[in-house]
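Only one chain is included here, represented as structure tokens and corresponding to the form predicted alone.
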């Protein structure tokens, strides 16, 4: 009897061991153009690398709060001009290069150079200097108090990079994170593995494979078949009900920082006319668009801000759906019925499906929209880098990025001295109440000028194996942080 019991216990233990899993196959819609988050705007770069491979002095957690990372702690001078970061000791990059204050000076200095390719140079512009009283202390002096500085240093664009490896980071990234790069099969997948030399808490997962699946139907099939363990930003909202019915899967609807817009090129006619931009806003029924393109998932917005952000103001009533008024404004601006515009559509389903719905709405007010689907690399080059387009549907997923409308060179060519002055005033304030007031004024200014047609806040539609724990329910920044992910029962 004891022998039978022993055999049964041994069998149970073997089954338990066999079921233990330490790998993860995770789906993404877009493949990153490269893997250096300090040299590109694509959110997909950060969705692979943020916290997994690269780390900054601070990090943004799943709730959108600033937490310690490579800096164990920090202090801020009473005048808001001096940030003193105390760095973790005995930290190295995955190639053995040391991390210390000189790395901070190099990383921030590189972002500040005139020829910097950092997509978020504005995050670093307030920095006057970085000094190193000792290898484990970094002192950052600012030109002026900057309310958003610490939060900005938690973005993927502000991670630490090694002078020794930076030249090859786009294709063979080297960071200080708990996972290291293994391989990239272009057009298919990227593999990271747990790095035994990590300075902090070791992750539960041994290996992560990021698989790129653009087609919504293929994404659904991969989840239902078990070919994928997780798809944190699932592209097919119309099949979520079917996925919910599968007991092996969990569906989580959360929020993102994605401001989905019909971006307009104000360097081209007729988009330089505010009457035209307002007309386009009133020609589109946001709730109808969300229902048709997103199966009802999403929240209308009236400015470049989402409801979960501090200081949010609901401005969705500024341009209500009013096709008659839209036609009148277009006539007043001299835009004749039958006028054709091109809408460039990148691969995400919200853009492709949204473009079709938007074209139908614009047809009702006399605008013929030619839909131009492009691949992601082409969108980044033609639209984002060179501004060669009429209109495009895109979701800006960077958090609280009202600064892009204050930039002198940006792909939708909005130029407003009044807005720029408001932004600079907001950046200087250290009073939280005054900051909220100015945030409201910035949003109202954008709603008044309508440089783009503000459509909806992109939801985070997460689908993953019901046994997985630790994936983010919301996306306060673009990231697939799997450092705290584990398998359970």
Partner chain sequence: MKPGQAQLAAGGALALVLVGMAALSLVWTPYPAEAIDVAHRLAAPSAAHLLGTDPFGRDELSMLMVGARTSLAIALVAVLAGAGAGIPLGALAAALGKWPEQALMRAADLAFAFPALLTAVMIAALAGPGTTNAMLAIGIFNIPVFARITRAAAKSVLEREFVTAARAIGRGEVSVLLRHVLPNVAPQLLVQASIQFALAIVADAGLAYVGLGTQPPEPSWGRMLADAQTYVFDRPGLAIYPGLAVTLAVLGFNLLGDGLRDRLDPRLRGRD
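Numbering follows the first chain given and starts at 1. Since this is a predicted model, take the numbers as computed values, not measurements.
Although it is not shown, the form predicted in complex with the partner chain is what the next lines describe.
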Q | Partner-facing stretch of 191 to 199, 121 to 129, 350 to 358, 413 to 421, counted where any non-hydrogen atom is within 4.5 angstroms of the partner chain in the model of the complex | A | 350 to 358
Q.
If we define contact as a non-hydrogen atom of the residue within 4.5 angstroms of the partner, is residue 242 a contact of the partner chain in the model of the complex?
A. yes
Q.
Check residue 388 for me: does it contact the partner chain in the model of the complex (non-hydrogen atoms, 4.5 angstroms)?
A. no
Q. How about residue 105: is it within 4.5 Å of the partner chain in the model of the complex, going by heavy atoms?
A. no
Q. Can residue 238 be called a contact residue for the partner chain in the model of the complex at 4.5 Å between heavy atoms?
A. yes
Q) Thinking of 215, 288 and 292 as one candidate spot, does the partner chain come within 4.5 Å of a heavy atom in every one of them in the model of the complex? A) yes
Q | Candidate from 331, 150, 371, 313 lying within 4.5 Å of the partner chain in the model of the complex - any heavy atom | A | 371
